[in-house]
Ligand code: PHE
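The data below hold one chain only, encoded as structure tokens and taken in the form predicted on its own.
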């Protein structure tokens, strides 16, 4: 059994490259016929890890060398054992620190490290004796056998240390037994001391020049293990919360609407919702218009004519907006400002296919030309719920909203009358924020106007309730984020995604 101390005591030749070490191993192998990795490392004062790396590189050359692994039990010093090997045992240090007249026991216990053990061991060895309250030397000189044994282990001569002593030192946590893998290297069938550097990569230049034909490549190691510290995939906090909201809608019996049209026409985004063409939201300061293609390809003509008439002269109990409605304005392409454009398309399709009661929802991105600040981005996710049925009232809408928000843990709600171009009545939704100790707006809602529904062909006795909210606001609250730019965009810290636990809602 071989031994070593952690401190080593050997000066490593840090300048040796892998190629140099390979060459030294081959020369030693030619001379001696066998190389043992740990012994060779000690002989040239190089770390065992580097020797093993060089042996592995030689092994990849083919049959140049044969390599055999062996398990070797060895002893090494602990941190405390290293200190004893260098500075002496606790009891010897205590003896050497005493003046001829001795020191009081109280003084030793107050000022000498490991005093109790040092006193006990020194008294047991009869190096010290007590005279009243003092401890005085009992001899003029001592031999520190503990230090000598640990120095022997440091020098790799553990065989000279009695087994019972090693057991005792192990109990004292001065040394520990470890198992070490050593490599025995012998000559292979194609042994040579001349190493040809192997390339690890086939490059474009090698192929073009034909150099690859004369180049020796490293063999592919099919047994090598992949990196164990690779990071696995993580869901962004926003996507975690989106999944939770989606599950809530599905549990409530809603069907998900297709929301893959980021580019929408002004007709479906505004006109179909009975939003006038002079409305400030349609200004370029609030909406991103698309330059190419600038116009939509087509819109259902009969439906377009009904929408035009409702805007221009009214209908369905309304006088409209009394202006000249522009087809060119309606055909402009833009980045959708809300997912209600998707709701309009779905309701129109529902009317054409033959109406039946439905519950729709969507969660996806929308775009607005906002000034960026701590709570606003030009791109965000909108959550929308839509219910179409016979004779729904504002009370039904309030009940739906309460049921939805209760599932995400929000129970204190208030409703405030509001104005939306395409809903009447309309309500802003407020929730009491326990952390901020005040009521905060969490969404908007309303009953779609007849001017929006009847041109689609939705029956007279059918009403449609809808509500919406953003995904980012609840996420900021749940994750304790004060600036929305730390949740979305280039300023997001990877630690936010890696360290945050999966956000779940107690439903």
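Please read all numbers here as calculations on a predicted model, not as lab measurements. Numbering follows the first chain given and starts at 1.
This next part talks about the form predicted in complex with phenylalanine (PHE), which is not shown.
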item: Partner proximity in the predicted complex: residue 41 to phenylalanine (PHE), non-hydrogen atom cutoff 4.5 Å; value: no
item: Proximity of residue 450 to phenylalanine (PHE) in the predicted complex, heavy atoms at 4.5 Å; value: no
item: Interface membership of residue 54, phenylalanine (PHE) in the predicted complex, 4.5 Å heavy atom rule; value: no
item: Contact label in the predicted complex: residue 338 to phenylalanine (PHE), heavy atom within 4.5 Å; value: yes
item: The single option of 333, 420, 310, 431 touching phenylalanine (PHE) in the predicted complex, heavy atom within 4.5 Å; value: 420
item: Phenylalanine (PHE): the contacting residue among 287, 382, 125, 265 in the predicted complex [heavy atom, 4.5 Å]; value: 382
item: Interface stretch in the predicted complex with phenylalanine (PHE) - options 455 to 463, 42 to 50, 61 to 69, 440 to 448, non-hydrogen atom within 4.5 Å; value: 440 to 448
item: Within 4.5 Å of phenylalanine (PHE) in the predicted complex: residues from 454 to 469 (heavy atom criterion); value: 466, 467, 468
